[in-house]
Structures are given as C-alpha cells and as structure tokens.
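In structure tokens, one chain follows: the form predicted on its own.
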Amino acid sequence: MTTVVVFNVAREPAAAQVLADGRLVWPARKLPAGEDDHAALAVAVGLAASDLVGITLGQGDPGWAAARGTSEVVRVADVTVGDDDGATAAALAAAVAEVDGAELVVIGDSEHHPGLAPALAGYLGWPVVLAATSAVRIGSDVEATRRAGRVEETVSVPIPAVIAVAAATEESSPPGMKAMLAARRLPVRDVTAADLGIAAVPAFEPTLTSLPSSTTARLIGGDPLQAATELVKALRAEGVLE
C-alpha cells in the first residue's frame, strides 16, 4: 500500500505584498517549502510500508520532495494555492485518488492554513489527526503523538487516515547539492484539473486591506508601588474597577 505526502501547499504571509491602493497580491514565483513540510516528509518516510508518493500543486518544486525520499511526485500543474483551503483540499483529494493503493496521507499542519488538513480528510472521508509531532504504524492503525497544552498525548486512528504534522524544529540535515541534482531526474507525473474532474472555483478577490483598529497603550513606569497606584487609578477611570 502507498503513503502519500503533500508538500509546497502553504503560503507564508511574509510573501504577500500590499499595494498602495490596498489590494493584496501574491508573487507568482514558486512556493518555498512550508515550515512544517520537512517534518511531514520525515514522518511519511517512517510510515511508508512500501511506496512513498509526493503530491503538490503548480507552484511546488517536485525535486524538494524527491531529494528527501519520495519515489514519485504527482503535480496538479494548473492548480495553485489560494485563499480557499476548501478548493485546495478538493484538488489534493482528487490527486490522492489517482495514486494506486493510497492509504495514508501526511501533510504539514500549517498555522496559516488551519482548514486545509481537516478539509482534505473530509473530502477523502478519512479520520484526521492534527498537530502530530511523530507517528508510527501499529498493525492496521497509526499511533500519532501530539502536544495538548502541557501534556503529550498519543492518538490511535485506523488506516486509511490523514496525519497533519507540526514541526517542532527547523530541518537539521537538508539534502546536499548532489542529492538535489539527482532528484531532478526522478519521475514527475503532471496532471490537470480537467484530468481529475475538478470544477473551477472562482478565486477570492479581496477589495481592501487595512490595519485593524487598535487603542493607544499607556505605559506606567517608575517606582513599583507608585506604578501600582497609578494602574489602579487608570483601571477605575476606564470602568474596569469599581
């Protein structure tokens, strides 16, 4: 059976550009790997019982995943990451359906696209574990570890399943130039939205971007006792204290 890892499907807000008229635009260049992608791929390598197939969209770099352990990459060439996580998830789910024997999907749990992993699982009809830091196969289940507040918990889900991985650290040992060059020769299967039967989804069109409203902060310094007295006076003046 096949494990699938999804990569290069998260946009970082720092890459956005706000124009003088308030419009928000995103550069058309290739997307860099998401902050959780390396952790997701490392977990996928450990979970893969046989083949490991990467899936990305038109802005993704197939060589990035191929250099880290995938045997093949499927790219939905004419679909790009947008504001609608549901539309992105629909395209990814359709691509997963094209992978023979796909039983596990591993994806980075991007904080900038919190709806992507749950939506992908919904389209597939599979259970999902979010914010996983590691995962192992136990028979026909996957046991995923994640942090919940101050505790660490282990969640068991039956296969097939979606595992969303949150990176705890940055990638420590990225592949070298030789591995990256060799990865360019590995197979990439380009498909289109029409091939997958995906209906076109109208893009979101933001009309204005502005900073949120905020109130002026007052800093109280000086002697701690005097500062505490001033703080109480200020809170009473604002109606916070009686």
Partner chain sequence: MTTTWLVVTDPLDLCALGRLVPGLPVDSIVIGDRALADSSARTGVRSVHWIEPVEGVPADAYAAAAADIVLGAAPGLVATTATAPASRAVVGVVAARCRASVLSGVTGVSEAGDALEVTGGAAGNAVVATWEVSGPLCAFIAPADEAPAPGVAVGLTPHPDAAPRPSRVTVSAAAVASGLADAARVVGVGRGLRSRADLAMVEALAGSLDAELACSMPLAEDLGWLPKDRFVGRSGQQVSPRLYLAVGLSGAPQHLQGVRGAKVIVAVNSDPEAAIFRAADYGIVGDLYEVVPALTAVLASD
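Numbering follows the first chain given and starts at 1. In this text the structure is predicted, and so the values were computed from the model without any measurement.
Not pictured, yet referred to below: the form predicted in complex with the partner chain.
Site annotation in the predicted complex: the residue of Ala194, Leu208, Ala49, Ala182 reaching within 4.5 Å of the partner chain with a heavy atom is Leu208. When contacts are judged by a 4.5 Å heavy atom cut-off, Ala97 does not count as touching the partner chain in the predicted complex.
In the predicted complex, at least one heavy atom of Val240 sits within 4.5 Å of a heavy atom of the partner chain. Contact annotation: Ala20 falls outside 4.5 Å of the partner chain in the predicted complex, judged by heavy atom distances. Using a 4.5 angstroms threshold between heavy atoms, Ala168 counts as touching the partner chain in the predicted complex. Residues are counted as partner-facing when one of their heavy atoms sits within 4.5 Å of the partner chain in the predicted complex; in 122-142 these are Gly122, Tyr123, Gly125, Trp126, Pro127, Val128, Leu130, Ala131, in sequence order.
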